[in-house]
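Presented below, as structure tokens, is a lone chain in the form predicted alone.
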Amino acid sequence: MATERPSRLRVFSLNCWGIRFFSQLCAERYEMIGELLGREQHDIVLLQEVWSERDFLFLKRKLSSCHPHTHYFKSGVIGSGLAVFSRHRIQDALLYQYSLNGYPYMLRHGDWFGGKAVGLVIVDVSGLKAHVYVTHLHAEYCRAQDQYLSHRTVQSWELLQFVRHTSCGADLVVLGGDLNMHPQDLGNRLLRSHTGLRDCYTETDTFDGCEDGHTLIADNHFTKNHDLVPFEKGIRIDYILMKGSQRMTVKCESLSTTKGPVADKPFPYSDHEALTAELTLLHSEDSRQHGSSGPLAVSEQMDVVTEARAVVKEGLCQTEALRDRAMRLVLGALLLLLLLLVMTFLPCSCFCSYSTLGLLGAVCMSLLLSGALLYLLFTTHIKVLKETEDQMMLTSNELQTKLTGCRLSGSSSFDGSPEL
């Protein structure tokens, strides 16, 4: 019965910054996070950067009474870091690991080892079918010269495709996580325009939190100043997004964030601020009063896709240049190796000792192997970028067809996302 269905849903999202042996005060902060979650009694908790399964199991034990249903998504070398805790039964789960996620040789950044992904759990919320997504995209380390922009754009594209093709039949769609993008960044606009997901911060009736909804702030004890350049006060890169259906309309009644320091505690929960959204669920008969706004007009959708294609093309050119360098490294190493082989048949006294030749040979083999592995890596990246561009072209052509139809029929907008 309709009266038995919940009217509210509390959703929590936090990047826990839980890198064991690297993140500061990791164990103490997980204890604090567990206390917070046990006290606040959220319906659904979406966590990112829970890199250690041991920490997930700690939270699972601590929250067993208030959040008995959990799922930990595993991928990559050290895991996806994604975890879901729920008061309501989790019926199913699915993980999609992003095709591009940085470079393994960028050890200082380390995103490649994390297996960044999007996780889906289907939750039975007292008879309502809620599709809940949690994700974490590649970080932006330098806004002026963002070498990962094409990777994050591909991730945004794969994320929106995953949401569009898996959310059919859902009464409610919720996506939370660290998108590592500002509100008007390309990937963010791409995601919202092609899924119909709405930002709780811009939709909420009441907001209580950091200025402008920032989730990475200067007042946080763990924040590094260079992470905020050129935004001195803070940036908003963590989100809770929502979407209803023909059967159910969702409205964000209130949104709040933590504000850096925690009362009676010497340090914050994380280097990111947590988000809590209070969602109101309205049945179809109420949707006339609180209807959800559709995605952007077709022409605007086309503009976003065109902009994304340009970024992917630029990334493709850069990656092809990197592959060419890797090939030159392989060829150079082969030539040096051949030269050393020739030198071994000459009198050693004329040039150098056999031990020196052996050492140089080992160096050449290392260069040859490194170049070959890099060539394979960049070739894989090129294929992903080309495939993404082809998909974007198909979408662009379809939007062009819809735009022509809209103009002929006198309609100015089109819902580019599948109906739920």
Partner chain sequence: MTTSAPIRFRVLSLNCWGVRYLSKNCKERFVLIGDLLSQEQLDIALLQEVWCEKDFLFLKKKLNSVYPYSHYFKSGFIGSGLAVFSRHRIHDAFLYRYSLNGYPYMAQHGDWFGGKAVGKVLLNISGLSVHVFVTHLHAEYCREKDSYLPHRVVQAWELQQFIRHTSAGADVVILGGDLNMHPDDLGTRLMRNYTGLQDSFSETAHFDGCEEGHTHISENPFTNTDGLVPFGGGVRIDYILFKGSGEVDVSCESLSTTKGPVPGHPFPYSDHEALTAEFLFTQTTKGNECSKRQSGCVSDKLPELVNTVNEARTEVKVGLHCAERMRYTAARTGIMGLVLLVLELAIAAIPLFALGTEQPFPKASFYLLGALCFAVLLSTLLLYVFYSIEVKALQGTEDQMRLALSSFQEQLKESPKVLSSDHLRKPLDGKDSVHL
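Numbering follows the first chain given and starts at 1. Since the model is a prediction, treat every value here as computed from it, not as a measurement.
What comes next is about the form predicted in complex with the partner chain, which is not displayed.
*Asks:* Just one of Phe267, Trp112, Phe207, Tyr141 has a heavy atom within 4.5 Å of the partner chain in the predicted complex. Which one?
*Replies:* The option sitting close enough to the partner is Trp112.
*Asks:* Counting any non-hydrogen atom inside 4.5 Å, which residue from Ser256, Thr280, Gln161, Gln318 sits next to the partner chain in the predicted complex?
*Replies:* Flagged contact: Gln161.
*Asks:* Thinking of His71, Tyr375 and Asn397 as one candidate spot, does the partner chain come within 4.5 Å of a heavy atom in every one of them in the predicted complex?
*Replies:* Yes, the whole trio is in contact, each within 4.5 Å by some heavy atom.
*Asks:* Give a yes or no for Ser193: in the predicted complex, does one of its heavy atoms lie within 4.5 Å of a heavy atom belonging to the partner chain?
*Replies:* No, Ser193 is distant from the partner.
*Asks:* Contact with the partner chain in the predicted complex for Arg108, defined as at least one heavy atom pair within 4.5 Å: yes or no?
*Replies:* No, Arg108 sits far enough from the partner chain in the predicted complex that none of its heavy atoms falls within 4.5 Å.
*Asks:* Is Asp219 near the partner chain? Define near as a heavy atom within 4.5 Å, in the predicted complex.
*Replies:* Judged by the heavy-atom cut-off of 4.5 Å, Asp219 is well away from the partner chain in the predicted complex.
*Asks:* Residue-level question: is Glu35 within 4.5 Å of the partner chain in the predicted complex, judged on heavy atoms?
*Replies:* Outside the cut-off, so no.
*Asks:* Can you tell me which of 329 to 337, 171 to 179, 115 to 123, 225 to 233 lies within 4.5 Å of the partner chain in the predicted complex, counting heavy atoms only?
*Replies:* The contacting stretch here is 115 to 123.
*Asks:* Going by heavy atoms, what in 72 to 103 lies within 4.5 angstroms of the partner chain in the predicted complex?
*Replies:* Those in contact are Tyr72, Lys74, Ser75, Gly76, Val77, Ile78, Gly79, Arg89, Ile90, Gln91, Asp92, Ala93, Leu94, Leu95, Tyr96.
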